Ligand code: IPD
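Form predicted on its own, single chain, as C-alpha cells, below.
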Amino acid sequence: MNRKKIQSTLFEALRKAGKILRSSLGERRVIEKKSELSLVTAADKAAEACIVKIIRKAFPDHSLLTEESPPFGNSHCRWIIDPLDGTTNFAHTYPVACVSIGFEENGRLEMGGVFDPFRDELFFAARGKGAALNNRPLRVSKTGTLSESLLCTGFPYDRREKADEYLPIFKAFMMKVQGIRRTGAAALDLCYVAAGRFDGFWELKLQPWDKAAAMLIIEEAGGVLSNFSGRPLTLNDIQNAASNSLIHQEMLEVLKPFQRVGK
C-alpha cells in the first residue's frame, strides 16, 4: 500500500468535493427523493463525480462504494465515499455538512478523512498513526461520567413510521446526561466525539459511507465504537454507539433494553 499516494489522493478528493459544496450552498436544488425524508441534491452528484474521477485516475483498479452510485470493482482495496453527509441540512442552506471518504484494504479500514468545507476543518486518521484535525493531534474528551456528558444522536429516515421505537432511547439518555444534540450529519457527529466536542454518540441504521472514515478517526483518537450489545462496531451494524471510552459502559447500560430496536 502506497500510503503517501493514498493520503494525497484522499486529501485532494476531500478538498475539491468540499469546494463544490461550499460554492453550491444556497442553491436549494433537490433533484431526487429516495424517500420522503431522504434527499439527493445536485451537489451530491457533482461532488461524487469529482471524487470518483480523482480516485480512478490515481487508482483505476480500486473498488468504490459510494452513496449515490452502484458499487464498482472487486479489488482488495476499496474507497467508501459519502460526497455529502448532511444533505437535508444542505438542501435547507444550513451549513452543517461534510465530505467523508474512508480507505479499506483487505476488509480493514486503513485511512479516513472527513472535511467540513464550511469551517475548513479536515479530520484525518491513518491506522497506527493517530488522528488529527487540520494537522493538529486529536484526542477524545476526558469526561468520566454519563451525568456530566454531552451526547449527540440522529434519527433514521423511517423515523415517522418508527418514532415510538426511537424516542424511548432518546428519553432514556435525556434522563441521564447533561445534554443531547441532534445536528443532522453523522460523520461530523462522530468526528466531534474524536475531537472531544461530544463525549458520546448513538444512532440506528447508519450506512457504511456514513461512518467508515469517522470510525477510524475515533479509534485513533482514543475512543471506542460498538453496537448496542457492546461488540466492536462493523460497517454493517445497524446499531451504532461511540464514546470517549470512559462513559461507554454507562452508555451500554442505558442501551441494554433497546438491543432489539432497529433489527
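Just so it is clear, the structure is predicted and the values come from calculations on it, not from any experiment. Throughout, we count residues from 1 along the sequence that is shown.
We do not show the form predicted in complex with D-MYO-inositol-1-phosphate, though everything after this point is about it.
- Comment: D-MYO-inositol-1-phosphate is not present in this chain, but in the predicted bound form one of 125, 84, 191, 101 has a heavy atom within 4.5 Å of it, namely 84.
- Residue in contact with D-MYO-inositol-1-phosphate in the predicted bound form (any heavy atom within 4.5 Å), chosen from 169, 186, 109, 146: 186.
- Interface membership of residue 210, defined by any non-hydrogen atom within 4.5 Å of D-MYO-inositol-1-phosphate in the predicted bound form, is confirmed.
- In the predicted bound form, D-MYO-inositol-1-phosphate lies within 4.5 Å of some heavy atom of residue 155.
- Although the partner is absent here, residue 182 lies within 4.5 Å of D-MYO-inositol-1-phosphate in the predicted bound form, judged by heavy atoms.
- Put simply, residue 219 is far from D-MYO-inositol-1-phosphate in the predicted bound form: not one heavy atom of it is within 4.5 Å.
- Proximity to D-MYO-inositol-1-phosphate in the predicted bound form, taken as heavy atoms within 4.5 Å, picks out 155-163 from the listed stretches 128-136, 115-123, 155-163, 71-79.
- Although D-MYO-inositol-1-phosphate is not shown here, in the predicted bound form the stretch 200-237 places heavy atoms of 203, 206, 210 within 4.5 Å of it, in sequence order.
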